[in-house]
Ligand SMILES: Nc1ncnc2c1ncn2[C@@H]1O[C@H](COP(=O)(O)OP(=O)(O)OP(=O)(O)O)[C@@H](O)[C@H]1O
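Only one chain is shown below, in structure tokens, and it's the form predicted on its own.
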Amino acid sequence: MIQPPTQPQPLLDVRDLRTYFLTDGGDVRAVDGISFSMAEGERLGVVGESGSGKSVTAASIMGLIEPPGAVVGGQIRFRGQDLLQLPEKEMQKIRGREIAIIFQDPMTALDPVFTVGSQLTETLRIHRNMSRKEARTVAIDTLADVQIPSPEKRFRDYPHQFSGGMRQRVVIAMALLCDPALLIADEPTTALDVTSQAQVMDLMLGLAEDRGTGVMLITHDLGVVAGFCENVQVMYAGEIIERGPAGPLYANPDHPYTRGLLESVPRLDDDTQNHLYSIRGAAPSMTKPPQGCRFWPRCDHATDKCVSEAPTACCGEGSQECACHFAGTFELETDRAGV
């Protein structure tokens, strides 16, 4: 009997993850039953408006949810091991060593009272048990890898002596010091100008490819995702509402929310006099999300079925998946494949 081919174990496998913030005003369902997986070396983009649950997903994976927040259900399996079942002491060995994160604001990610070099070497001495001399050599080499000029000199400087772009490079260096298998980049270019954004993204892409690091890029910038990620998942109101390979999804989005996000991106080659499209309304309160499809109050195509019945993930064209009763029946107003 011919056996089916064995599927490789995913690097990260999240199943029915639910992270709530338990407040006096009710439970805020920041992440409400999401499931996804990542392969070794994959680059996954996670997009959506502020409040959609992107950063809470990252914090849940890292084990950084603090009261009143709590992971109330689901599994987060990293190389087959459920991170939610690990005691904090064991999680500390994985956090920073196997899974690293780049936060939105590099100034808050770096301690202003310690030199950049001391913060880098501390990571190496904790996670890789290096001597002070070995750690210093590796830290300076890594600063050179992220294109910090005169790394031996800048090693002794404090974070306030670096520009915003340089601080973000230092944070990337810190995240990559231990050659993690998974790097979570949470809005890594938010505080940077456009030129610095492009440089930092190119740098991060090159380093990830060289080291075989899987990257989860969390952003609201669909242009950044298009140039960086192989696969994309779109979040709305604590749920994943569409996912698939970046190219096909950008060219033919199946969900009206994804379509709206793409229509909202300004284009330099658009010489029409039309106003820039915007999705009407605002994201719902996550203490009492809408019944049925959570996007229906803002959707131009909602029907009674959308109001009363929550859609399940269904197959769109090819490998796309979409949680919409009318998936694939909408068309983009303009060609957005090259966003």
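All values reported here derive from a predicted model rather than from experimental measurement. From 1 onward, residues are counted along the sequence shown.
What comes next is about the form predicted in complex with the ligand, which does not appear here.
Note on the partner interface in the model of the complex: the residue among 34, 28, 38, 299 having a heavy atom within 4.5 angstroms of the ligand is 28. Only one of the listed residues (62, 279, 306, 286) places a non-hydrogen atom within 4.5 angstroms of the ligand in the model of the complex, and that residue is 286. In the model of the complex, the ligand sits beyond 4.5 Å of every heavy atom of residue 44. Although the partner is absent here, residue 21 sits close enough that one of its heavy atoms falls within 4.5 Å of the ligand in the model of the complex. Proximity of residue 51 to the ligand in the model of the complex: non-hydrogen atoms within 4.5 Å are present. By the criterion of a heavy atom within 4.5 Å, residue 156 is excluded from the residues contacting the ligand in the model of the complex.
Scanning 73 to 106 for heavy atoms within 4.5 Å of the ligand in the model of the complex gives no residues at all.
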